[in-house]
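Next come structure tokens for two forms of one protein chain, structure 1 first, structure 2 second.
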Structure 1
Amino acid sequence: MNEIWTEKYRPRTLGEVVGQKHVTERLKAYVAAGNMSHLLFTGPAGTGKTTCALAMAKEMFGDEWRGNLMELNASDERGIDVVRGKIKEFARTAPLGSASFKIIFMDEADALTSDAQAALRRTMERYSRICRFILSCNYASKIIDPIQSRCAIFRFSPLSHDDLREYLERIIELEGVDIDEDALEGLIHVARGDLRKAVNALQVSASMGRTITLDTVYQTTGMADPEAVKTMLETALGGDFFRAREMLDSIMIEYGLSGQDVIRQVHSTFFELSITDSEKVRLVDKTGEIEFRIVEGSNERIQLEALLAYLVMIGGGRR
């Protein structure tokens, strides 16, 4: 337990990367060709962007990968000076050893100021014989057009249920984790396609030192049993404020959830309830307002009670 599992089990090769087959097939071809173009990786957290960049650099350069890869995080180094200084300096110097080019991997490239992005454009072209860029971000729309124009854009999707499961099962086996079937499924549900989140939740659950059950998963991930939340909402819509409030109390106390944890789940549950679309929209709006008040206010229970009261009223209109 003295290691970070997400690092320990980060795939070392493109072949080990989970999911994103359409991406890894292409990247493997680049390794085979010993060549690549500038790349832009877009997609949500925990879907393999950094992993793919690192794995490709290692396969491309072998033992010389460290000297030929520069990793930057744009949210730490985001200004124009970095682009005109550090990046340009690295880009213009010759690759080391037998490598025919170097790679600059810039994570969170959407955090670069637009001035810095503009300053990056000609550097990407000027030194492209000896330096290729991999930019990574959540949304391509945050990257200026001239940069997008210079890159091949690869979209990373949230991982599928089966991919998450396969990967988690491997760690479970290697680490000898004791986990029951419901808990594994719960973990996958909670992760919503984010492998890093799933592995972190698994490591925390395992550290509690007993068989991992669904309850353990909910506790470590700040989630309540989705059914309990759904029942609470339906009870309030059915007009029973007191009963719904008891359920709220038990969710917050039993699972040790904060108001923000609860409201997050409430929000995602609305779309599963059998109410009309405009009712869903009213509830989403109200819930957002309540979450805002939780952030601003001092007593989250009061804010959530206000939400339950609103549900009673909406439900009353339907009865």
Structure 2
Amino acid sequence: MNEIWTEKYRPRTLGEVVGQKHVTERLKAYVAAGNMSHLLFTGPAGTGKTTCALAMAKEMFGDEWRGNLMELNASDERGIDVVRGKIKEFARTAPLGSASFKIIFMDEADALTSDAQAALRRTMERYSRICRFILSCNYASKIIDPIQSRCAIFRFSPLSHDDLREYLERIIELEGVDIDEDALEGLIHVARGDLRKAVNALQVSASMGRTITLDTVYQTTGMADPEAVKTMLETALGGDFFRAREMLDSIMIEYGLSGQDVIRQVHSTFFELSITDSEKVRLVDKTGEIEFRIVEGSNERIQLEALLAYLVMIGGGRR
């Protein structure tokens, strides 16, 4: 049966988790003690928050882990009724087997409404003897202070280049994937520390049934070739607005990018240009303004061309 590789190769134990050594060592101590406090996992997507929660539950409860773990996604169930109903009902019942407590894992907890978080705080207090919570979020600042103060906070960081490479190489070997060295480096660059994104991109690229090249990686991940973006910006700085405009057309059509996709890549490419720091500051400021206009519904094509025109003017002032 064909499986999604992110699930097929998801680590089953804390020892198998890629990176995050500072987190897994502390979680292993909880497992060894057979006890834990409420936990708050915070950090970017694809860094192992859900994997660590599931692995910890499996090691803590053994074969009884399914009956003693409730997994919820707060993006789907974010209202106060869920806290007062489903969560409270599970929290108040006794754990199964020899376990002394159960675990409720709430993913994307920063999507909970303020009322739901207030109700959750009370539930965490009242049933802490037989139920512990693991909350996962991208932004801890969106979790109210009373909940944060009741949790041990674990901060997950983007995975390093070496960790991503080691994990991807293992999947490539097991799946018999044919991939160029440049394409593998491209996958790691595109992922930016997000392991889930890297594995999904690898599977999509491999499904095309041929050797994975760098161009294949960019086309399947919704990113343009960074060199093409850089050349477009340098062309605009050189004063050739119409040639830069043609290159923008080519990038958006060939890679199927939206205005927001392009503006994100343009922003990261500014720092690679041979311009002064003050010019980079001005460009970042202008890019932020244009990105805001696009998000608010302005015509993305007009805004991107306005950015190229601004680059032409900056380049003209340097000549």
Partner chain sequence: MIEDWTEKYRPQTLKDVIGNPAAVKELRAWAGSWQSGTPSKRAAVLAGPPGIGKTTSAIALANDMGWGVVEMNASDQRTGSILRDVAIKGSRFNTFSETGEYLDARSGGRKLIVLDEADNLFGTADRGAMPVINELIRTTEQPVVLIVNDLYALTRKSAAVKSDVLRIDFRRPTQRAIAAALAAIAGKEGIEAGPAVLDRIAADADGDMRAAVRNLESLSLGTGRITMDSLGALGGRNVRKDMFDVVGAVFRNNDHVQARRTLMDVDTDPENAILWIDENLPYEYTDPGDLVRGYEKLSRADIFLGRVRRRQYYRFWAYASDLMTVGVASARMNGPPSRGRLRFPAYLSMMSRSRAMRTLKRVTLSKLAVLNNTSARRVESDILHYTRQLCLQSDDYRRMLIRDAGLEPDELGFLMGMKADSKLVRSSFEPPAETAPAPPEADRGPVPEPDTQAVDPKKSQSNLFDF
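Each residue is numbered by where it sits in the sequence of structure 1, with counting from 1. Bear in mind the structure is a predicted one, so any value in this text is a computation, not a measurement. Definition used throughout: the rigid core is the maximal C-alpha set that superposes within 1.5 Å between two forms.
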Which depiction, structure 1 or structure 2, is to be taken as the form predicted in complex with the partner chain? 1
Please check whether residue 273 and residue 144 end up in one rigid part once the chain is divided into the two parts that move between the two structures. no
Degrees of rotation of the smaller rigid part against the larger one between the two structures total 16
So, with the core fitted, how far does residue 282 move at its Cα between the two structures, in angstrom? 3.6
